[in-house]
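Next up is one chain by itself, shown in structure tokens, the form predicted on its own.
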């Protein structure tokens, strides 16, 4: 017997009832269906990359330079551990990447803060992930970094080396992008009450290195790192016993123990300023104390003024 058709009062035929199987297939939004292959392809790419990395480590098919820099390990492991902090926790916004050259030597000079030097790692990751040329930032670190049992080899593998003129000049002469934080421990260990007030920039050794190599100096200003571990005190006696620059006391550490080591999720902005050309000054300018002092002060003032401007633009500490 044929199925009877029901004609509504308005005279239009009733809509056809779709089979259950057809309804189930049509319940997904077109964009969701299109998204599934992309997600699957992304996972396949990640798995293939991980397997290729393991194969290179087993066969020894990777390079380590004279400073101990292992680009393969740095890009695929060390920086991968930092990406959740960069993308999700600090939500870093990077500006002025066009001021970083695609090739050739340059010296990035940045402010330093945060109790733990995460600002240097975030700057390194910003250039690796977001610069068109995916440049490696070869960081200059304090002697203490390379005296610590576990940290020292990792620092070397990540591309860091001693903050001394010979190493800086060797890197610059090789066309590397070098990063320096001239405030040192004075910057990262300062109390919260002095946040965003730059400390002394040492003797200008980084300026001398740039002058000798004719490399441009790029001021870099970082907002957000000051708030991740607000220092309200310093256990100086314990620091002297342990031979470290400071033992920070924050609102959460050591009161909350290991939980106090979790950084606060402040909103970060990293801005690379316009390069300062040193090539026209000549290498002999590196031996002129007054010129070195003035150029060092120029870089410091540029970073300080940019910090003030960025703080005005930032809506709040955490947004």
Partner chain sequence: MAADGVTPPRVVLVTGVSRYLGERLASILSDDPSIEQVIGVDVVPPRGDLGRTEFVRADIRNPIIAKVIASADVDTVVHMNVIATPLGAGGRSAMKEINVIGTMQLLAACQKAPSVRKLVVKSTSAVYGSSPRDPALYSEDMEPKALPRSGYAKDAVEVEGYVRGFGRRRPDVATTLLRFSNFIGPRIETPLTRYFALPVVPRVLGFDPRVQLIHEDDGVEVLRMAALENHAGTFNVGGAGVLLLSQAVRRAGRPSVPIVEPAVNLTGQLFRRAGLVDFSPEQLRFLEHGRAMDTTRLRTVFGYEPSYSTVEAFDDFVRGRSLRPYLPKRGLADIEATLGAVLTRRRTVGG
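Numbering follows the first chain given and starts at 1. Just so it is clear, the structure is predicted and the values come from calculations on it, not from any experiment. We call the rigid core whatever largest set of C-alpha positions still superposes within 1.5 Å between the two forms.
The next section is about a form of this same protein that is not shown, the form predicted together with its partner chain.
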| Counting only non-hydrogen atoms, which stretch in 236-244, 214-222, 67-75, 111-119 is within 4.5 Å of its partner chain in the predicted bound form? | 67-75
| Are all three of 95, 269 and 280 close to its partner chain in the predicted bound form, meaning a heavy atom of each within 4.5 Å? | no
| Here the chain is shown alone; which of 290, 256, 284, 39 has a heavy atom within 4.5 Å of its partner chain in the predicted bound form? | 39
| said: Give me the residue from 164, 249, 133, 79 that has a heavy atom within 4.5 Å of its partner chain in the predicted bound form. | reply: 164
| Does residue 143 make contact with its partner chain in the predicted bound form, using a 4.5 Å heavy atom cut-off? | yes
| With the cut-off set at 4.5 Å between non-hydrogen atoms, does residue 193 touch its partner chain in the predicted bound form? | no
| At the 4.5 Å heavy atom threshold, is residue 148 in contact with its partner chain in the predicted bound form? | yes
| field | Non-hydrogen atom contact residue 44 with its partner chain in the predicted bound form at 4.5 angstroms | value | yes
| said: Relative to the superposed rigid core, does residue 255 relocate between the shown form and the other one - that is, does its Cα move 2 Å or more? | reply: no
| request: Inspect the rigid-core superposition and answer whether the C-alpha of residue 61 shifts by 2 angstroms or more between the shown form and the other one. | output: yes
